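Quick heads-up: it's one chain on its own, the form predicted on its own, in structure tokens.
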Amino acid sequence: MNLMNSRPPHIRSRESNFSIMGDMVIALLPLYFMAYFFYGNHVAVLGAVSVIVCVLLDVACTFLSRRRVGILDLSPVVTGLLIPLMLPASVELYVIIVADLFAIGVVKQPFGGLGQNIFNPAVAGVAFVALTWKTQVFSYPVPIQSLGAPAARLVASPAASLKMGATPNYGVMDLIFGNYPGPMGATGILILITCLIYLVVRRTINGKTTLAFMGTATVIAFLFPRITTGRLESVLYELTSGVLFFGAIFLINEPTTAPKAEPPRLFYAALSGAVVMLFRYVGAFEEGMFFAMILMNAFSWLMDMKYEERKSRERRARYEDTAETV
């Protein structure tokens, strides 16, 4: 039997790629409806412009590189939807556009386009603007109160409070329904859980990967609390602040940058949870998800390679044992 060594993503057909990316789009749209409810029309503008910029740049780069433009390729749409959701609703439009340009023009297309990028384009784009416009990226409007306000009051997020060792002043119901300052698509745990269930049922993502990531983060938050009000509260606020829960669903499971086989993928997810928490605890920023994911993306291929080498040795050992028996 002849085997074909293909590059990622390992998807059977263009239709499969369309289905997977389509499911991601469907799962991301409720987060925009939630953000629209909390912050108003500006959310729709950010999302629409981001998608348009990513799609146009992706098509232009593909055309200029003389590669075939995929009509069913929704990956730039997913990138365009992801970027604003990881940023405050108050962020200026030019920040979104710069993140889009960096994601597609620097991280994705120069490596060969769909399936060839080493790093998650959306994560890299947000990380770049976080380094460039720290104040804008880590200052958040107050939900509902800033709805339609021409100059909304910007406040720190629960992640910033944890960074300072202070207990966030938000109740459980606020956390469940997203009524607290943070990235406009990463609050609202109830909706995020619904998105997770949809993607798992559709088999678009592997629920074990999300569980491995969240499990590691939970253990670290419990064993090493940054607040003095209790370990359980530490777990609650760590898991619901910043983009940790959002990333456990949409970033850890990204098919191109995560390991392909399940054992290294689970190891990758668990280690990512530890690295994210490490960045949160000792990093310069309140949110370490973006930078931790870039670091983990760089070693994803190595985990796959080591796993395949071990499997190859096991097969060779079995073959030799069989030959000796015969």
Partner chain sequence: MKTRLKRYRDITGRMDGLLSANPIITYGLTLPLAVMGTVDTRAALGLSVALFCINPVAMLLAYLMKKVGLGREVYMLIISLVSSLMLVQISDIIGGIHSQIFSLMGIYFPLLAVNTLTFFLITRCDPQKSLLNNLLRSIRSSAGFAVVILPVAAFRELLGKGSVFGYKLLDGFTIPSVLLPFFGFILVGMVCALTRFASRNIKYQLLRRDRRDREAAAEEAAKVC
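Residue numbers count along the first chain shown, from 1. Keep in mind it's a predicted model, so treat the numbers as computed, not measured.
The protein also exists as the form predicted in complex with the partner chain; that form is not presented, and the subsequent description refers to it.
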| property | result |
| --- | --- |
| Non-hydrogen atom contact residue 132 with the partner chain in the predicted bound form at 4.5 angstroms | yes |
| Any non-hydrogen atom of residue 94 within 4.5 angstroms of the partner chain in the predicted bound form | yes |
| Residue contact check: residue 164 to the partner chain in the predicted bound form, 4.5 Å heavy atom | no |
| Contact flag, residue 98 vs the partner chain in the predicted bound form, heavy atom cut 4.5 Å | yes |
| Residue among 106, 219, 118, 172 with a heavy atom within 4.5 Å of the partner chain in the predicted bound form | 106 |
| Sole residue of 110, 207, 215, 230 within 4.5 Å of the partner chain in the predicted bound form, by heavy atom | 110 |
| Residue stretch of 132-140, 207-215, 175-183, 240-248 approaching the partner chain in the predicted bound form, non-hydrogen atom distance within 4.5 Å | 132-140 |
